[in-house]
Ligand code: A3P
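Coming up is one lone chain in structure tokens, specifically the form predicted alone.
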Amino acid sequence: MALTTELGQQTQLTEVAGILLQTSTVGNWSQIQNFEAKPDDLLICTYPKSGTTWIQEIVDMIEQNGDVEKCQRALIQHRHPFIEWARPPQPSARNAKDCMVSYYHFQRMNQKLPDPGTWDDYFETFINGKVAWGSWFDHVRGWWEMKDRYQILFLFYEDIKKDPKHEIQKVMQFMGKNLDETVLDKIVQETSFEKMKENPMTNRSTIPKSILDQSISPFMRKGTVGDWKNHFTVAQNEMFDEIYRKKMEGTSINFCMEL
């Protein structure tokens, strides 16, 4: 059963099994639920604004053996289609504070998502999980608890920022690929934030302003670790830390909050 929830002027989200989703996704829900992965499928499972485009491009560069021209064959969203617009999975997680900030700016410019309101409004919305694709806490905790039971490679956004070569090697090994050092260095270079921000195949610059208005905020905004400190008040930081402690109690997961 789906319940429509009014969250803003731009669009509506619809609740399915306690998670708010775009109405277009809900319309295809039975097809999505019946999706069956093939043994050699690689599925990227990220919470919004946690490095989705980044890991998509890394995976494609590895699959194409570092061939830049082949990776220019189509827009990233066509090379890696979203099953929710078609689950070994490869989750990627980002610390919740930076994720919240990035999601806030993304929702400001995404004309297909509800207007997030002020930062203070959005802070409450996010911590209560009332955003598209649900609670960060539930998503991250759920995948973390499954990672040792299935063929899952769990990556951290902050680790890729800190040591991209090492993390890309992990992805490469997970994919069963063996690329030489020269190709690996090329992939590191071509998947840097700076390169991808200027790459029309990854920066979503071809998407109409009526969908993603990049005059409000660029799709690839900063790509840093620790920007949350420019948004959180002292009171919000203390409140969030207490909520995080309660919701993530009993898990062994640890996030880097600044580099």
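Please read these numbers as outputs of a predicted model, since none were measured by experiment. Quick note: we count residues from 1 along the sequence shown, nothing fancier.
This protein has a second form, the form predicted together with the named molecule, left out of what is shown; the following refers to that one.
Look at 229-237, 188-196, 34-42, 59-67: in the predicted complex, residues with non-hydrogen atoms within 4.5 angstroms of the named molecule sit in 188-196. Proximity of Val26 to the named molecule in the predicted complex: non-hydrogen atoms within 4.5 Å are absent; the residue sits far from the partner. Heavy atoms of His80 never reach within 4.5 Å of the named molecule in the predicted complex, leaving it off the interface.
Looking at Trp136, you'd find every heavy atom of it more than 4.5 angstroms from the named molecule in the predicted complex.
At a distance threshold of 4.5 angstroms between non-hydrogen atoms, Asn95 is out of contact with the named molecule in the predicted complex. Contacts between 194-225 and the named molecule, taken as any heavy atom within 4.5 Å in the predicted complex, involve Met196, Phe219, Met220, Arg221, Lys222, Gly223.
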